[in-house]
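Listed next as structure tokens is one chain, alone, in the form predicted alone.
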Amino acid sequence: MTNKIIEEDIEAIAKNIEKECRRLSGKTLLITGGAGFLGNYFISVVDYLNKNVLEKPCRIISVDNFITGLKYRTKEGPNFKAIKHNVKDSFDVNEKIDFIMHAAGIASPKFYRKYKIETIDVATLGTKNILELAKEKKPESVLFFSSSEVYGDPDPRFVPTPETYVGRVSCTGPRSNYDESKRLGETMCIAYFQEHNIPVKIVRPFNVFGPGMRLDDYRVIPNFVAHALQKKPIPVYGTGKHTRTFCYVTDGITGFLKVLLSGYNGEIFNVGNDSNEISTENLAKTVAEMFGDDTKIEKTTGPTDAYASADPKRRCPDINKIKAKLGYAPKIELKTGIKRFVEWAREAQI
């Protein structure tokens, strides 16, 4: 049974894209990484649209190898097919594909330091396989999930960071297998757009969080909440002075779908929330307040080298482009999002 918080989220996303979603009626959507945090939301949203909005159902085909994905929330049926496969290996689908979302990836530093080569493979070989499939199937739209990590540790003069900023990234540092493979994935997308007219768009998510995230993946909000739930001190890695902005999942998924269903081929969009930039130390205090006065905070070292000197000092998006071109407007404030995440985690008893 779906969690109440997630059900509310799904309805909110469907309402946010009520105009754009009509393009999905009677179409087939292929998604990679469908068993992951974001993938499950996409599938749930389409399932909701099929039952409540669309004239004809949208068929979903999900491809996932479960290296970090957990399980699907949606049951297989006439409109949902799940394929277990590693996208680094080529594959074919014997039916028409109208939309493609390449959301497979290993985004947590804990896991991309553990699976170094696999992380590179999914963002490079996997992306090439998806683009080759698109060349064959000629879909209406392809969406590549890049990352705000392509900006590296931005020069303070370029924070908030616009899509035009070229990045300050190490090609050999602790985060390089993730950062640089995403950058190459973007390069391939633009090359296929220019040479083969593949209708690809690129999104760069900024710290999207919400129910369904693995609490053991060490990304900051689930990590803080997981420790607080277990009545352990909340761990702040390093100085605690590094800052981030966070985007609740309903705003993130809304932005991604607006880009997928737009006509802005060959373009890149930041997706995130440009308000509430907060230090990790103050974020820990915000989470601690939700669990009571006996919740402690401790400064410590991170589980891998990617959390030490390689951790970007600031991460805040300039989202003027997606606001102007697609009418995107984040609605959920940080504290509201964290409260929803905590409520989900308590109810799910994870």
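Since this is a predicted model, take the numbers as computed values, not measurements. In this text, residue numbers run from 1 along the sequence as written.
Beyond what is shown, the protein has a form predicted in complex with uridine-5'-diphosphate (UDP); the following relates to that form.
Per the 4.5 Å heavy atom criterion, uridine-5'-diphosphate (UDP) in the predicted bound form is contacted by stretch 216-224, the sole one of 216-224, 259-267, 135-143, 83-91. Contact with uridine-5'-diphosphate (UDP) in the predicted bound form holds for all three of P109, P235 and R244, each having a heavy atom within 4.5 Å. Residue R175 is the only one of R175, R204, K201, R73 with a heavy atom lying within 4.5 Å of uridine-5'-diphosphate (UDP) in the predicted bound form.
Looking at E149, you'd find a heavy atom of it within 4.5 angstroms of uridine-5'-diphosphate (UDP) in the predicted bound form.
Mapping the unseen interface onto this chain, D311 counts among the residues with a heavy atom inside 4.5 Å of uridine-5'-diphosphate (UDP) in the predicted bound form. Though the partner is left out of this view, T280 does reach within 4.5 Å of uridine-5'-diphosphate (UDP) in the predicted bound form, counting heavy atoms only. Taking the partner from the other structure, uridine-5'-diphosphate (UDP) in the predicted bound form has a heavy atom within 4.5 Å of a heavy atom of R315.
Taking uridine-5'-diphosphate (UDP) as it sits in the predicted bound form, the stretch 15-30 never comes within 4.5 angstroms of it through any non-hydrogen atom.
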